[in-house]
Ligand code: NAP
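Okay, so here's just one chain, in structure tokens, the form predicted alone.
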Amino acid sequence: MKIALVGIGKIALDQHVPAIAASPDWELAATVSRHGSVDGVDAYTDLGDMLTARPDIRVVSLCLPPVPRYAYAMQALAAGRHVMLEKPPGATLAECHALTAKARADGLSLYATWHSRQADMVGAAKNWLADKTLKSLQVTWKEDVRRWHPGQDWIWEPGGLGVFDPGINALSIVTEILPHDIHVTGATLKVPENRQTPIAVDMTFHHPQGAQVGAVFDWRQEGDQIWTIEAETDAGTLSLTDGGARMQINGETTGTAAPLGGEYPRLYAQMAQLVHAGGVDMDLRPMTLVADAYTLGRRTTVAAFES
């Protein structure tokens, strides 16, 4: 199937383009971007022009920042195209519900991708936890924003999510592996005095079986990056490290993939299945937890941050 990639920035070039190129399901037939392009691929600067000129392209993959994503997604759906959404699927939950309703009404596929759920050991962790009683779970997600988002000022503006941009990856894993849904009970959002979105967040959650669940996100990490989820259960301890690429159960480690290894190819394989089946996959639980953190969270001001 022919696919168009909209928004040719760092994540598109680092992950989406290689995943499409290696896939047996897809041909990258066009790009839409004001600033970027891919060698050998038809390039457009306007989505409407591409949709008009290329009726043969059935699927659009959106890699834009969250705030403009709704308008592009709705335009593609209105043109009868299936749509794949980089995480988070929109700037607000209401936008995502509107897109879901449009896709279902028109019989189109819509996919809210959560790439961290495709990490090598996430499925195994879910299976192991399925029949366990959870006692506690702690998320520690600390990375260097300068390394992963160089010069991307949109992440510090309203709708850009700040540290929740990587933090939502952790929440996508947690909502996938736990057999019971959790909800936010409290949060502290640490916002630089010169920014609109948090650089660090501490969160607590309610678990229906009474387990203690918390998360710490921080974008000021230097040195080794930390992407860890540790669960204590009645049958011992499970740890996911490297963003879900490795798993340790009671001291025994499995998994050899590098962080991000294989995640985007699996997303595109899933999108192909959705298009063939006419399905919609819009799990908004990770985004709901972020929205609730903003609703319940106490905001504190921290030192100014310059990227």
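Please read all numbers here as calculations on a predicted model, not as lab measurements. All residue numbers are counted from 1 along the displayed sequence.
We do not show the form predicted in complex with this ligand, though everything after this point is about it.
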Taking Arg146, Val191 and Arg195 as the candidate spot, are all three within 4.5 angstroms of this ligand in the predicted complex by heavy atoms?
-> no
Given that the partner is absent here, does Arg34 sit within 4.5 Å of this ligand in the predicted complex, heavy atoms only?
-> yes
Lys10, heavy atom within 4.5 angstroms of this ligand in the predicted complex = yes
Although this ligand is absent from this view, report whether Leu64 comes within 4.5 Å of it in the predicted complex, heavy atoms only.
-> yes
Partner contact for Asp165 in the predicted complex: this ligand, 4.5 angstroms, heavy atom | yes
Tell me, out of Gly279, Pro68, Gly48, Gly261, which residue has a non-hydrogen atom within 4.5 angstroms of this ligand in the predicted complex.
-> Pro68
From the list Arg81, His207, His115, Lys142, which entry has a heavy atom within 4.5 Å of this ligand in the predicted complex?
-> His115
If contact means any heavy atom within 4.5 Å, which of 22-30, 269-277, 240-248, 56-64 contacts this ligand in the predicted complex?
-> 56-64
Sequence-ordered residues of 79-93 touching this ligand in the predicted complex, heavy atom within 4.5 Å | Glu86, Lys87, Pro88
